[in-house]
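One chain comes next, on its own, written as structure tokens: the form predicted on its own.
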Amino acid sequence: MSAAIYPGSFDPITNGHCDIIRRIQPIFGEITLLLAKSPKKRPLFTVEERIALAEEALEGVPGIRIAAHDGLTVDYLRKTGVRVIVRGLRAVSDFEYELVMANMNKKLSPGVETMLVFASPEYYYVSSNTVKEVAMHGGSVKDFVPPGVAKALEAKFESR
């Protein structure tokens, strides 16, 4: 079996993310969910909270590792020897961004391949940002995120 890295901010992890992980795990065997520490983004959850939420959401899925990285994803791949980046694709608008990123990663590290995985139809409209916005306005997010994430979102927005 081979391994793959699934990078993202996962702020928070959604049912769409979990679906992609469950679908690709049998293909690769080992998947590292790599949480980005991007200075460009202002996350709602700390890295530690995102790791804990992802661990709870993916409990029981074999071959899953959760890590955080500050820097280029290709640098993390070089350190670990993994050669495949998995990215989820929801809409055509995602494709342009992912194409640019895949080509940049290929230029920076020619041995790296990017695999795009289409979101399942029931999740193609779900994003971490829209989930946070629904939760912020008091809407139910139970259909979009794992139960632990729904509770964590509720707690975050109650305290504001």
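Small disclaimer: the values here were computed from a predicted structure and weren't measured. Heads up: residue numbers just count along the shown sequence, starting at 1.
The same protein also has a form predicted together with a small molecule, omitted here; what follows describes it.
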Residues in which of 53 to 61, 24 to 32, 124 to 132, 102 to 110 have heavy atoms within 4.5 Å of the small molecule in the predicted complex?
124 to 132
Quick one: is residue 16 in contact with the small molecule in the predicted complex, heavy atoms, 4.5 Å cut-off?
yes
Give a yes or no for residue 42: in the predicted complex, does one of its heavy atoms lie within 4.5 Å of a heavy atom belonging to the small molecule?
no
Verify the contact flag for residue 141: yes if a non-hydrogen atom of it lies within 4.5 Å of a non-hydrogen atom of the small molecule in the predicted complex, no if not.
no
Quick one: is residue 152 in contact with the small molecule in the predicted complex, heavy atoms, 4.5 Å cut-off?
no
